[in-house]
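Here you get one chain, nothing else, as structure tokens; it is the form predicted on its own.
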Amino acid sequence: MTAHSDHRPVETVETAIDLLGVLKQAGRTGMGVTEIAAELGLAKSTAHRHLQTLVDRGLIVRAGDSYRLSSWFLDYGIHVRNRHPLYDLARPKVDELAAETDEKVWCVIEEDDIGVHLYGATGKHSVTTHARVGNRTPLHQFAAGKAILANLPDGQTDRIIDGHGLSERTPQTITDPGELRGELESIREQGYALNREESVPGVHAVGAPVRDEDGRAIGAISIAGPANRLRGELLTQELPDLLLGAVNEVEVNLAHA
């Protein structure tokens, strides 16, 4: 057997990644080695060796008896965001839309079949939700994600729906494959997607795909706000028209970048 044919996972790397995930969930206060070992089902000595290696490499920091993630990740995260071709092109339009609508506006991309929030801007009256830069969300749960999902190659769309499943975030989330496929067809026809409390109770949104020259979505831009404000023609006509115009400008710039 050749070396490159062995696809078995490296357990020490998996453990290190799991450990980083635990520290991410721990937040600002961090966690002690005993808590980490219990969370991961490791011997305390094993957890300590992993922690010390990560401290030595600068990925985590120790403060007293607690460990937390270091700003090393900030450097890498900014690098990843800035190198994406959509970031520089969409950012001015996201800022402009937020100022014009006074709502929350996001640029979202797809990576490994998941929606990732790349950049956001806050209007004067925008609401605060769980969404943040770097947030990873199933595509079927929100407007920008559905706009992307409707404009991926058919094989990829089917793989996402059938392989990843349609988890529920709120009672309004579409979890039936047939219903979702029908909505994706409507999104392709009208050019935009709606989200009526499917990701956050009390919040509506409209999203439109940013497509390359082959018609494949490389991302999407969305406008979100309170359901009592984003309703009627504002939700179904005025904001979609505004958004489609902005997205078209981004696509033109993308084609000539």
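We number the residues from 1 along the sequence you see. Quick caveat, the model's predicted, so the values are computed rather than measured.
What follows is about the form predicted in complex with another copy of the chain, which we do not show.
Taking a 4.5 Å heavy atom cutoff to another copy of the chain in the model of the complex, the contact residue among Gly215, Gly41, Gly27, Gly232 is Gly27.
Shown without its partner, this chain lists Arg81, Arg181, Arg159, His125 as candidates; in the model of the complex, only Arg81 has a non-hydrogen atom within 4.5 angstroms of another copy of the chain. Stretch-level contact check against another copy of the chain in the model of the complex with heavy atoms at 4.5 Å: of 171-179, 92-100, 137-145, 116-124, the positive one is 116-124.
Proximity of Thr12 to another copy of the chain in the model of the complex: non-hydrogen atoms within 4.5 Å are present. Contact check for Gln190: no non-hydrogen atom falls within 4.5 Å of another copy of the chain in the model of the complex. Although the partner is absent from this view, Leu242 stays clear of another copy of the chain in the model of the complex, with no non-hydrogen atom inside 4.5 angstroms. Though the partner is left out of this view, Ala246 does not reach within 4.5 Å of another copy of the chain in the model of the complex, counting heavy atoms only. Residues Leu69, Ser70, Ser71, Trp72, Phe73, Leu74, Asp75, Tyr76, Gly77, Ile78, His79, Val80, Arg81, Asn82, Arg83, His84, Pro85 are the ones in 66-97 with at least one heavy atom within 4.5 Å of another copy of the chain in the model of the complex, listed in sequence order.
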